[in-house]
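A single chain, nothing else alongside it, follows as structure tokens in the form predicted on its own.
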């Protein structure tokens, strides 16, 4: 069997197919660089998802951090949001999450967080990559090696944080089906059932390390195949699909309608903007324009940034905490100020249920009040070096629209837009088009053909 030699280094961390791409050496070096970067004298929080390779990666993470003199608090198999909450609660120097989120089981990844529990800024991530490439690590002598502590009850402390924000007594009335995709959401939701009397109906619940029940992608197609058909037979009020890491979530309505992964950000924009002082919504250039329309209803403003979580974190630092209503992306991942801007699918799910409760409306009734937007997405192999010239040609061809060149090229008209960009982490070109009303098939196909025809 041929090994897939896939490894991606980025400012978020490293990700790859374990064995052929991501190796123990990569893990040791990258974590040693992180241990060198962060402040000494304070613990580091780690946790992992259930992937089989996570055990191996955990040992490398421990070795690198302990060798740099950091004590480590290991939370075990938990979602990344639990790690991020624990970083702030334990006044840690940072944290490492071992898990590949929406990727298939052969993949794994390391994600790094600073002392506030958020992703590293662009400057911090750049410094981390510099240390990694230079391999100048701050290893300590034998008597300075850190200590390991296995931490219990991290899930309960996380649930305490959620219970302080949401009215669990009111939300228990909803009949909710959840596709856990054999990931970490089951750890949280089982405990919510036990401790708070919820009756979440969990499918694909058992954590798996080798074979997930289906690809852990948060898309309307996955929801349509796995979750939506169960809604009417189970008489559910709502359905939610999580990725393995629980930071992304998708939705099915009580009528069995699968929703686009893009809908979570607009839904929570509609819910959160009227409830708090913040009027800014931060998202990237590839996210739906529905968020702009719903933000405008509540006197809000959308700030568009390049694709990538670093760009969002950088943008957050430019505003006061009370100015921001929420931040997120069109993948089903949203951050809220109540939780110090952590991408958290569980918190997002509870926010949607709270919205349904407070408005005394079904999910389909809420969505019926929104205009229809149709978004088309594709990714094509990056086989040409002429993408920059293509983008300049497209900007000239579509000069009647408003062009944005922060990240590739986005062109906006009053009722539609497109975005063409090269991925930061994969050798692909992403093409996205959206239109209010009917799908923009002609524009979409024209853009795809232009990319395919590059010499």
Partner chain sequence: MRREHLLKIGVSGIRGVVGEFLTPALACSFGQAFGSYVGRGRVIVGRDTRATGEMLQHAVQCGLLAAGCEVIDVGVLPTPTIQMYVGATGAHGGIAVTASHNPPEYNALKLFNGHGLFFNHYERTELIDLYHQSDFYQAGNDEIRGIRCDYESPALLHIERVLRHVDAALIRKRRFRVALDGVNGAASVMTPRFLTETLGCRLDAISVDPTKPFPREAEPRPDTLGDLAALVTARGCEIGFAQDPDGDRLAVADENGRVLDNDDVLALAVDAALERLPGDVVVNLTTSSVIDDIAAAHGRKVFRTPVGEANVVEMMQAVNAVIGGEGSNGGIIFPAVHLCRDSFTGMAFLLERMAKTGATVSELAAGLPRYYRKLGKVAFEHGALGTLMQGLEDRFPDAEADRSDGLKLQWPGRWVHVRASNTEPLLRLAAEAREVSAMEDLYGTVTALLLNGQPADRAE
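On a predicted model such as this, the values are computed, not experimentally measured, just so you know. Residue numbers count along the first chain shown, from 1.
Although not depicted, the form predicted in complex with the partner chain is the subject of the following passage.
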item	value
Candidate spot 37, 128 and 391, all three touching the partner chain in the predicted bound form (heavy atom, 4.5 Å)	no
91, 169, 152, 141 - the one with a heavy atom within 4.5 Å of the partner chain in the predicted bound form	141
The single option of 237, 161, 106, 292 touching the partner chain in the predicted bound form, heavy atom within 4.5 Å	106
Any non-hydrogen atom of residue 437 within 4.5 angstroms of the partner chain in the predicted bound form	no
is_contact(residue 9, the partner chain) in the predicted bound form, heavy atom dist at most 4.5 Å	no
In the predicted bound form, residue 210 touching the partner chain (heavy atom, 4.5 Å)	yes
Proximity of residue 55 to the partner chain in the predicted bound form, heavy atoms at 4.5 Å	yes
Proximity to the partner chain in the predicted bound form (heavy atom, within 4.5 Å), stretch among 38-46, 60-68, 417-425, 400-408	60-68
Sequence-ordered list of residues in 121-136 near the partner chain in the predicted bound form, where near means a heavy atom within 4.5 Å	none
